[in-house]
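Next up: just one chain, as structure tokens, the form predicted on its own.
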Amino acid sequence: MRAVAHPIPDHVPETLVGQFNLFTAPGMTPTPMGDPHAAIGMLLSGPPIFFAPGNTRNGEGTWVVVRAEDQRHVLQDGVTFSSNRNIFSSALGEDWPMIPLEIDPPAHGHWRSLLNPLLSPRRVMHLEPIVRQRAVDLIEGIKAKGTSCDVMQDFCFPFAVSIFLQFLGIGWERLHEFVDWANDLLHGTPAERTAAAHTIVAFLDDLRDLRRQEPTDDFMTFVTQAEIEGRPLTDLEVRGMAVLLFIAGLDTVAAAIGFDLYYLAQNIEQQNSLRAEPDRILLAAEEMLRAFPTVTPVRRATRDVEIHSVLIRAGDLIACPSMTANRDPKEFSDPDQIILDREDNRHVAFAYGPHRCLGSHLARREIVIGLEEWLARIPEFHIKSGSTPMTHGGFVFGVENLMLDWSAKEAN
């Protein structure tokens, strides 16, 4: 449930108001066996920029920038197009940013430099054995229970949550508790989302206070001991970092793996090809990131500015859906075709510019490892007969009720 759409601002020409919404347009609402990526890709046949009323959870409208080149222009300029919206904290009636996502340049650069070592390729390489073992444990546990599963609930979410727990230095015995919090936060009713947000913040605050007294070798210890511009971090700054890690590391990675498995369950030949030649999974994962991105970055204009001679007023919101940029025919040949061996794949699934996803190295490895281990351990799978996957749009696209079955191959 979302807020009622705000009135269309007076400066928006009627001719530029589009009948589209990331949450409620055809293909965006929870749709049986739907394809929200293809639905939003249809925008490429229309104007390069238009105004979408009610295009946020709180009912604000946004400008929608459709093409990749224009999105790069917006996302590269973090001064004119601010990401400082305090989305999470404002939902709690508070006012603090998720760091570094909601910090604008030039201060953003200092925070980014502080956190880069935690998510560097070298650090991810160190974590890889843990990530792989977690995937193996989860998949083997699924196999032990039978020949079908709800892959989002049984694998994708627990896999992503367990890596977050590893970062926090928390034992996996709390995995299901965190999965429940994540599900309520991301997919619950408004009351459930608010309650989960308070619970998560309280937990992270308590952990912060504990690590100040009893440091270990984990993310929270690092940020409680870190300094920014010669001073220690405040409690709210530590909270802002931890909340961002929680949110960014869960829904996006789980959704990406889910869409990949959804696609492979419907395309058995490609599934078996990757299983037979696992060295191809790396390129295939990049192509599926291009074809099935999950995130729409949103910025707020800090001054009046024009895009394609369209006036955007200071305070207006601008949405840059990665789903249209990744299917822009000016960027990709055969953009609507999924070519698992596609090379030079300059997709923007991890956004673009100074706020490009800080955790992209880890996310990539989680996705690739998840696919490698699933295909190595689960025989030919398909969508379970009688079940109906539900896809949805929003600022993070996703798939639910993805029941996979491999009983026929097990029987053989």
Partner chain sequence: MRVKVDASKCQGHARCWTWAPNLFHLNDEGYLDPGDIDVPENEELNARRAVKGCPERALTLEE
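Residue numbers count along the first chain shown, from 1. This structure is a prediction, so every number in the text was calculated from the model and none was measured.
The form predicted together with the partner chain is left out here; the points below concern that form.
- For a residue to qualify, one of its non-hydrogen atoms must sit within 4.5 Å of the partner chain in the predicted bound form; none of R132, Q166 and I378 qualifies.
- Looking at E102, you'd find every heavy atom of it more than 4.5 angstroms from the partner chain in the predicted bound form.
- In the predicted bound form, the partner chain lies within 4.5 Å of some heavy atom of A351.
- Although the partner is absent here, Q225 is not a contact residue: none of its heavy atoms lies within 4.5 angstroms of the partner chain in the predicted bound form.
- Though the partner is left out of this view, P121 does reach within 4.5 Å of the partner chain in the predicted bound form, counting heavy atoms only.
- Heavy atoms within 4.5 Å of the partner chain in the predicted bound form are found in one stretch of 171-179, 297-305, 142-150, 283-291, which is 283-291.
- The listed set A276, M125, A202, A191 contains one residue whose heavy atoms approach the partner chain in the predicted bound form to within 4.5 Å, identified as M125.
- With the partner omitted here, the residue from Q76, N272, Q266, N84 that has a non-hydrogen atom within 4.5 angstroms of the partner chain in the predicted bound form is Q76.
- Contacts between stretch 108-122 and the partner chain, counted in the predicted bound form as any heavy atom lying within 4.5 Å, involve R112, S113, N116, P117, S120, P121, R122, listed in sequence order.
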